[in-house]
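One chain is shown next in C-alpha cells, namely the form predicted on its own.
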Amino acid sequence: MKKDYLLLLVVALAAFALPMILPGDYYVEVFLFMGINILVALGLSLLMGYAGQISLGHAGFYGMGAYISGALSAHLGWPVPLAALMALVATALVAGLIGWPTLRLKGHYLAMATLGLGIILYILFVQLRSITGGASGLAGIQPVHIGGFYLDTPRRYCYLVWALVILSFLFSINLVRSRTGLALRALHYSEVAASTLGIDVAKYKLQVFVFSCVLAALGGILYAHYITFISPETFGFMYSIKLVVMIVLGGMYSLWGALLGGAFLSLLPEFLHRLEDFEVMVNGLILLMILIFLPGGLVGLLQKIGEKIRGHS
C-alpha cells in the first residue's frame, strides 16, 4: 500500500532531522539504541506476526552477530565491513541448520525449543573465554570507519543505524506484499490449509526464520561496534522477552508494531528512572494495562483514532 511507503518516508525524514535537533549526545544515544531495538524487533515481527512462529531465543542471535563480528575485528584485526558480513553469513547458516529441525515443532514446544537455543548460545558466550572474553566481556572491538572517517560520535553513528532500519523496513514492506508475504499469512492461520494450496510450509518457515535471525545479528553488530565492548548479560533471556513484548505491545500483525513497540519500550525507562525502586513495578503495570485494554497494540489504537477522525469529518 502507498500508505506504508508514505509512512516510511516520514520516518526517514524524522530519523534524518532528530539527531541534528536533539539537545545532547545522551538523547541522540537513546534514539540510536531505539533504532537497534526496532531493527531486531522488525525481524521478530515477521516471524511471529506474519508467519505465526514463536521465538524466545532471539537475544542469542543478537549476541551471535555481536560476538562474531566483534571477535573478528578485535582478535584478528578484520575490517569492520568484512567482519560484519562474516557474522551475518555465519548467523544465517547457523539459523538454517538449527531452524530446519526446530521449526517442525509447534506451539509451546517451539517456544521451549527456541528458549533452550537462546540459553545455549548465552552459555557459549560465557564459556568460550578465549574468544568472547567470558563473563568479563570482549574489549577492543573496532569502531566503524570509512578510510580515516570514523563514526565515533552518537550523531554520526545514529545515521548509519537508522539508514539500515529504513532499508530493512523497505525490504520487509515489499516482502509482505509479495507472494512470499501471502504465503506467510496463509501458514499463520493454518499450516494444513496452506499446504493443501501447494505452499511449501517448511521452506517459507525456514526462510523467514533465517531472515529474522539475520536482522537480529545485524542489530548485534551495530551494537558491538558502537559500544566497542560487549558482555554476555546484554544478550540474555530477558532481552528476548523484551523483544516479544515490543511487538505485542506495538501490534503483532503489523510491521509498524515493531517500530511503535520498540520506540515505546526504549523511551519508557527514560521517563520512569526517577521512580527508583518503583520503576520496575510501574513499568510492568503500564505494559499490563496496555496489553489488557489494547489487544491490537499501539497500532490498533492509532487505527481506531483514525477511524473516529474520519467518521467525524
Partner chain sequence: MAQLVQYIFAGLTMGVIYALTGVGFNLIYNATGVINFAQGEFVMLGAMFLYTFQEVLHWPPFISLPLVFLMGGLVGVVFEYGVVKPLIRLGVITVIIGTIGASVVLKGGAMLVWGKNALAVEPLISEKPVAFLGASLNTQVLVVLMVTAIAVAIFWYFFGFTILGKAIQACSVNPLAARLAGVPVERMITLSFCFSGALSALAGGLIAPITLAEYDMGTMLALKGFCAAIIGGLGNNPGAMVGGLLLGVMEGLSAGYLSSGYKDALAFLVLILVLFWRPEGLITRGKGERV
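As the structure is a computational prediction, the values presented were derived from the model and not from experiment. Take the two forms, superpose them, and find the largest set of C-alpha atoms that agree within 1.5 Å; that set is the rigid core. Numbering follows the first chain given and starts at 1.
Keep in mind the form predicted in complex with its partner chain is missing from the figure; the text below concerns it.
Contact with its partner chain in the predicted bound form, judged as any non-hydrogen atom within 4.5 angstroms, is confined among 134-142, 120-128, 76-84, 162-170 to 120-128.
Every residue in the set 52, 195 and 284 has a non-hydrogen atom no more than 4.5 Å from its partner chain in the predicted bound form. In summary, among the residues 90, 182, 227, 112, the only one with a non-hydrogen atom within 4.5 Å of its partner chain in the predicted bound form is 112.
For the options 34, 46, 28, 244, the residue carrying a heavy atom within 4.5 angstroms of its partner chain in the predicted bound form is 244. Although the partner is absent here, residue 236 lies well away from its partner chain in the predicted bound form, with no heavy atom inside 4.5 Å. The closest non-hydrogen atom of residue 291 lies within 4.5 Å of its partner chain in the predicted bound form. Interface residue remark: residue 23 is not counted as part of the site for its partner chain in the predicted bound form, having no heavy atom within 4.5 Å. Residue contact with its partner chain in the predicted bound form: residue 98 places a heavy atom within 4.5 Å of it. If you take 87-106 and check each residue for a heavy atom within 4.5 Å of its partner chain in the predicted bound form, you get 98, 100, 101, 102, 104, 105, 106, in sequence order. Superposition on the rigid core between this form and the one not shown places the CA atom of residue 22 less than 2 Å from its counterpart.
The Cα shift for residue 190 between this form and the one not shown, taken after rigid core superposition, is 2 angstroms or larger. Remark: with the core as the superposition reference, the CA shift of residue 291 between this form and the one not shown reaches 2 Å or more. Relative to the shown form, the Cα atoms of residue 108 and residue 181 move together by 3 Å or more in the predicted bound form. Put simply, residue 238 and residue 105 spread apart in the predicted bound form: their C-alpha atoms are 3 Å or more farther than in the form shown.
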